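A single chain comes next, written as structure tokens; it is the form predicted alone.
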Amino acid sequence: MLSKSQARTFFLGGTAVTFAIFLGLSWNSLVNEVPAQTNAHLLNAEVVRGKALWEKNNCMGCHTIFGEGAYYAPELTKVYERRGEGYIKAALMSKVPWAPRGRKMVAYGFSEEQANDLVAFLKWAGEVDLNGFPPKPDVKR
């Protein structure tokens, strides 16, 4: 059995070692892992404008991206991979409300340039390494 002084030393030493490991892993994540996974080198003015449009029009009020947002409309993290540029632009530039599967999307009627910016943002988002999120559906045909 440990004496009170030995227990205190054991506790403080274990806490210090654990905290040092935590700091080392945090530093490694911030310096090495995050930049490699986010494709920060692919950020350009078009992607930034697309993100600004995403926020200005409150797309997260209905959609999710990176697992964040509302669940009324589809998850859009990998939408570029699933649907492609033409489909996305058609939905964004539509002058009439668009209602696939009974859920109505506002007719934003974006211009070609705005649609291109949003497509660039969604393409960038789809290329971020999310360690397998969202999972591919297990569809057996």
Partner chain sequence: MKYESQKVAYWFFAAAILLLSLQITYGFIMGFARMGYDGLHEFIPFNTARATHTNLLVVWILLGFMGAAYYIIPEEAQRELVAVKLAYAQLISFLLVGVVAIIGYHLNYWEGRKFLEIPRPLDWLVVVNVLTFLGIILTTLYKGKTRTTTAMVLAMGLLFAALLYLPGMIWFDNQTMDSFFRWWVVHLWVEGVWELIMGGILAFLLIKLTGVDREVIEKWLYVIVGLTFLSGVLGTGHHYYYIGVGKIWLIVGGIFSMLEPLAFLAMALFAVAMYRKGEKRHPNKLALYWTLGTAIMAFTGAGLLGMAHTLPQVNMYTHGTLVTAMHGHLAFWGAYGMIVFSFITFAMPNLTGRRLYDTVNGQLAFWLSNIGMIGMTMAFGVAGVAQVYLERKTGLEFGAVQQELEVHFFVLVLTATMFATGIILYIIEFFRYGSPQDEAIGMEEDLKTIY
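Residue numbers count along the first chain shown, from 1. This is a predicted model, so every value here is computed, not measured.
One more form of this protein exists, namely the form predicted together with the partner chain; it is left out here, but the text below deals with it.
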Check your understanding: Hey, in the predicted bound form, does residue 112 get a heavy atom within 4.5 angstroms of the partner chain?
Key -> no
Find out whether any non-hydrogen atom of residue 65 is located within 4.5 angstroms of the partner chain in the predicted bound form, and reply yes or no.
yes
- Item | in the predicted bound form, residue 38 touching the partner chain (heavy atom, 4.5 Å) | yes
* Is residue 86 close enough to the partner chain in the predicted bound form to count, meaning some heavy atom within 4.5 Å? -> no
Of the residues spanning 18-35, the ones with some heavy atom within 4.5 Å of the partner chain in the predicted bound form are 18, 19, 21, 22, 23, 25, 26, 29, 30, 33, 34
